[in-house]
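Listed next as structure tokens is one chain, alone, in the form predicted alone.
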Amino acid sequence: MDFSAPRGMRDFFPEDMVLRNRIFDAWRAAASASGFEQYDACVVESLDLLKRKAGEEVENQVYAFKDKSGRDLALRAEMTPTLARMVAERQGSLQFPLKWFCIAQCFRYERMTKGRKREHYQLNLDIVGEDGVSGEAEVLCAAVSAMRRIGVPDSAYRVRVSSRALLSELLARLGIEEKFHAGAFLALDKKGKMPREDIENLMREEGLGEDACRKAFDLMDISSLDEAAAIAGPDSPAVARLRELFAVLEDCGIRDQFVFDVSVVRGLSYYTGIVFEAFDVKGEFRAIFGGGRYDNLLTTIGGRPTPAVGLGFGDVVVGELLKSLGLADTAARPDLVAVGYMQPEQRAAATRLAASLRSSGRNVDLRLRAQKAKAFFSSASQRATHAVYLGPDDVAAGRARMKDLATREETEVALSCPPT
């Protein structure tokens, strides 16, 4: 029998949980520090909901199945459709704007590449009910805070920012009709992932002519927002919105983490405005996190028109990035006191000491049977930060020594008297 996890899935042994918890704790702390409220939802979704959001082809990209009543269901591939469903369900009673976050396990049945598995955990940050760029800035500030809390240096990554609204303006300036814009977006999102000839073929399949394909592809060579603004014109709403966002990011003190990159498109069709993706500066990995504005998604599933912006931040790529930087094992060891004893006669005293330390807020690993001192300290040093070892003399004296396993310093601790 093969004891490994199914292809593309992961097991987390205790040593793996150290890094996972480090990432989750940073996500939760960063989101909470920015005033986001946590929510969660069922991992199984209606397949119809996913089709409304992503089209009929999504069935080939997810783990879809029928339940015993014949309902078409799927394991969630992302949280945004679920969030939209939940908001639409209570749209009349919720207080907007909403600032919600979740840490969700997601599943996607597709070809695996470096940094992509068929199962992953993802931080989702969403603001629903705010149409100003303060929404984009707030989710981006929380994401940068999470990166710092995880331990990723600012110098190791940059967030590339663009706007689908701006790209639409540029395509229109080139004489490309609006009905062809969505197809152009999907094709241009493949830049850097496939040869130019193949991308142009995709645009032709969407109905663009030879000249339009060439012009659309050449837009990807724009190198600055000023250059894009020169083409879009002085009254471009999309350019004004991007400039405003960069100004707010400056006020947040994180402007240096962001660069304009017109080639950021985001393949998901529900994005309507500013979009962004974070990449490591060496270009070794997939996007660390990404997202953007999606003002029409609620109406797509039957809700009332409501502006929204959000991002998804996966655990796989940021974990690989930490490993590549040699920072995956730099987290401080959590406080843990190992309590052991020499003979069965000291078990009661050791148990009472462990109970006392736990009631005072310490984490305690109480050994389950007597051990020799050498074996105890050898195993304690693998996980614990402090250790207390009781022998008959310690119990007789009513006190013992707690050793700091890093500094070797010792402090005296009193032993509880046996109950009368």
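Residue positions are given as counts along the sequence shown, with the first one as 1. Given the structure is predicted, the values throughout are model-derived calculations rather than measurements.
FYI, the form predicted together with a small molecule isn't displayed, but the following is about it.
Not one of R76, F96 and P307 is positioned with any heavy atom within 4.5 Å of the small molecule in the predicted complex. Using a 4.5 angstroms threshold between heavy atoms, R204 stays clear of the small molecule in the predicted complex. The small molecule in the predicted complex is not approached by Y341, whose heavy atoms all lie more than 4.5 angstroms from it.
Although the partner is absent here, R241 is not a contact residue: none of its heavy atoms lies within 4.5 angstroms of the small molecule in the predicted complex.
Contact check for Y270: a heavy atom falls within 4.5 Å of the small molecule in the predicted complex. Across the options 307-315, 177-185, 162-170, 246-254, residues that bring heavy atoms within 4.5 Å of the small molecule in the predicted complex belong to 307-315. For the options D335, E110, D295, E345, the residue carrying a heavy atom within 4.5 angstroms of the small molecule in the predicted complex is E110. When you look in the predicted complex, the only residue of A287, A212, I199, A228 with a non-hydrogen atom within 4.5 Å of the small molecule is A287.
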